[in-house]
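Here you get one chain, nothing else, as structure tokens; it is the form predicted on its own.
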């Protein structure tokens, strides 16, 4: 029994080491003055972070990235949550069709999707090529699988059909059953879907580079353009990138827990 416990602890420890050693090495390199002749850096400095934070391009790119990702996720939540609820509870025969449609982004490579979108929206009644709105639309489509799976699994876990029937038997309307009974119970699943989508969009490069590139520079494009200048600066950008995602994930989790506590 004890040997089994130690085996599990060892596996978890090795996994944590495997995950955090690259991040630790990146952080050390971002604060190193020189690190190519010794095991540890020869000196430490925060000059790379100072240069990064004083660069207005970095601040602007971070703000644009947060705006684009947040807009795409908010639109996705507003569209997908009621749609999946309606299909699951009232139109279950359409569920396979909805699932197939939401899984399509997995089958389309980013380069192919970007070229197709540029050709489609370069002329005609709706010209969006080169604008941020085309990127937000592309991001909305690319996170459909993450949003669908998280929300659908949450509805299955709480047995949304029976829960809605019970609420309606007690006098609630369809809207009240959804807003007051179902939505609070699937909120943790929606939050997880949001975090997964946010992490995926923050690391997405192909669509951001091909659809708008330097016209509306995002953090991914900024990182790629500055990687050739200095390895230390690139490491500082990666660490700042990770910290930014960590802070935003913590804020979302804190907000969801506060909302849940207020309801209780």
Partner chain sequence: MKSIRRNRLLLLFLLPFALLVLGFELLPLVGMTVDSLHDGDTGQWSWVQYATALGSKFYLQALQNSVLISFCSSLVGILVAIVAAYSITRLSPGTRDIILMLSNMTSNFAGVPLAFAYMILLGNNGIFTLLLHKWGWDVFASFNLYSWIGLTLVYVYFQIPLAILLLYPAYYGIQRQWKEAALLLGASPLRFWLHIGIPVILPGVVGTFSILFANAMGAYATAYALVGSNYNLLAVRIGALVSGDVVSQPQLASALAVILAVTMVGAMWINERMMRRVRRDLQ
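Please read these numbers as outputs of a predicted model, since none were measured by experiment. Numbering follows the first chain given and starts at 1. Under this definition, the rigid core comprises the largest set of C-alpha atoms superposing within 1.5 Å between the forms.
Although not depicted, the form predicted together with the partner chain is the subject of the following passage.
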Item to complete: Spell out, yes or no, whether the shortest heavy atom distance between residue 134 and the partner chain in the predicted bound form is within 4.5 Å.
Response: yes
Worksheet item: Do residue 57 and the partner chain come within 4.5 Å of each other in the predicted bound form, heavy atoms counted?
Response: no
Worksheet item: Is there any non-hydrogen atom of residue 104 lying within 4.5 Å of the partner chain in the predicted bound form?
Response: yes
Worksheet item: Is residue 31 close enough to touch the partner chain in the predicted bound form, meaning at least one heavy atom pair within 4.5 Å?
Response: no
Practice prompt. Any residue of 11 to 26 with a heavy atom within 4.5 Å of the partner chain in the predicted bound form counts; write them all down in order.
Written response: 11, 12, 15, 16, 18, 19, 20, 21, 22, 23, 25, 26
Item to complete: Spell out whether the Cα of residue 70 moves at least 2 Å between this form and the one not shown when the two forms are superposed on their rigid core.
Response: no
Discussion item. My question is whether residue 199 is one of the residues whose C-alpha shifts by 2 Å or more between this form and the one not shown, given a fit on the rigid core.
Written reply: no
Practice prompt. With both forms fitted on the core, give yes or no for whether the Cα of residue 26 moves by 2 angstroms or more between this form and the one not shown.
Written response: yes
Discussion item. Closer or farther: the C-alpha atoms of residue 15 and residue 195 in the predicted bound form, versus the form shown, with a change of 3 angstroms or more?
Written reply: farther
Practice prompt. Given a change of 3 Å or more, say if the Cα atoms of residue 246 and residue 70 sit closer or farther in the predicted bound form than in this form.
Written response: farther
